[in-house]
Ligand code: 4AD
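Shown below, as structure tokens, is a lone chain in the form predicted alone; questions about how it binds or moves come after it.
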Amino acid sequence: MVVSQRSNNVATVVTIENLKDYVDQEVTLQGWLYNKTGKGKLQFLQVRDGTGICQVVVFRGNVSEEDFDAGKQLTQESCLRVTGRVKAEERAPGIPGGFELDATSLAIVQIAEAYPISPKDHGVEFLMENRHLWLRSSRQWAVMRVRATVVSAIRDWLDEHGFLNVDTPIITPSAAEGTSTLFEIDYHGEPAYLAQTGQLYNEANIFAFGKVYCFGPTFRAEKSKTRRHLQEFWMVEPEIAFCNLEQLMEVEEQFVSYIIQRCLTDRAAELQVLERDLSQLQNIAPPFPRIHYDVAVDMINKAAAAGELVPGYDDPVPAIEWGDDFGSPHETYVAAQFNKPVFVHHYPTQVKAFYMEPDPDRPEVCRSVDLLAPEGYGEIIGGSERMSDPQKLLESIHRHELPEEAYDWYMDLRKYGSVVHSGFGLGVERTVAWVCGLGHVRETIAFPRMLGIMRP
């Protein structure tokens, strides 16, 4: 129910994150009750407003009896408006801590019903069913704010380095990464698909603008329940004309380093809430190590023969046949051998997409590269040099048994001023999971879409 009470005295309405600018001044906070303690003449209210959590001290001698009783009525997640004097106090809890509000007046906006998410432990299934409420917890609040900074840093770096944001379609007539993981839809009687990537369209865009990126949701109908996979996720895809594989890796390492350092600077309080060990993140700066796929396979198989365990797990490192793509244990093992993200390049042509340029001296491998994050987070970027020769591309389309007519416009790009060009895709959710130190990507987006889960 909504409770109608008198308004607070007129005071500047501020946010919790800005309390540091109002020490010894009277201000008003508007927010929700996160928790409360106290007895007798004192109440300690933990109030959150979306920018942080602040302790509000309600002393019976400083507020009216009506306001003191209002504080006692507050239930978890009740909405309130409170006015008081900002006080610097090192011991004051909160996010960020160090400031509290000595209340002079308090008004209830709404008394919340019994809140289903309490401080006790809840199962993941319950929390996912109540994701719309779980987002209010300090942990989920911190993750979403880190995500926002990751997104902001992505755009800022690309915009400042001459990339133009060009939006690409969500509905497409053909596949880019393969046909087995597509969400098919009916497009006025014709089959169409939710986009797995905007890359093919981006390749058209570079011939108009030189350096571009698209940024939005992508869709993969993968029958996977691993901690790294979602059915719908966000990806940024830069594409660059006159860029080869080696130049692409330099762009990637500068890009990723900027994102990480921005998060460390702008989201220190949130990372502290998450109890994130920052030691490895602080080390993220170019250059990143680079190893050939052949070298990575040799490392993996030597570890498997020696009976080594996958770092962080009790399972032995599994051997791998040359020509196979890496699984999660392989990526985890390889990345653990370095103190920064590591580039693995020149994967077998047979496990990569049809448009990737084969090595001129070894056509069984292509000029592709994955960037593996440390601490078990695996591939966060996949990229390659693209085929620029029209005949070679046509042969690859036939070899992959793709419908030629669906790619006639894509073939045109190689007929009218084709140049060497490259690009990559960075998955936002995996990057956020790495930055935050999360065990599953389901916490990296407000409303995750996973196998069998699309509510709320």
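Quantities reported herein were computed from a predicted structural model and do not represent experimental measurements. Residue positions are given as counts along the sequence shown, with the first one as 1.
Keep in mind that the form predicted in complex with this ligand is missing from the display, and what follows is about it.
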* **Candidate stretches 35-43, 58-66, 413-421, 383-391, one within 4.5 Å of this ligand in the predicted bound form by heavy atom** => 383-391
* What is the one choice in Asp102, Asp266, Glu222, Asp159 with a heavy atom within 4.5 Å of this ligand in the predicted bound form? -> Glu222
* Pick from Glu253, Glu357, Glu77, Glu379: which has a non-hydrogen atom within 4.5 Å of this ligand in the predicted bound form? -> Glu379
* Asked: Might Val143 be said to contact this ligand in the predicted bound form, defining contact as any heavy atom within 4.5 Å?
  -> no
* Proximity of Ser257 to this ligand in the predicted bound form, heavy atoms at 4.5 Å -> no
* To do: Could you confirm whether Thr197 comes within 4.5 Å of this ligand in the predicted bound form, counting heavy atoms only?
  => yes
* To do: Answer with yes or no whether Phe215 is in contact with this ligand in the predicted bound form, where contact means some heavy atom within 4.5 Å.
  => no
* Asked: Each of Phe233, Glu237 and Arg430 near this ligand in the predicted bound form, meaning some heavy atom within 4.5 Å?
  -> yes
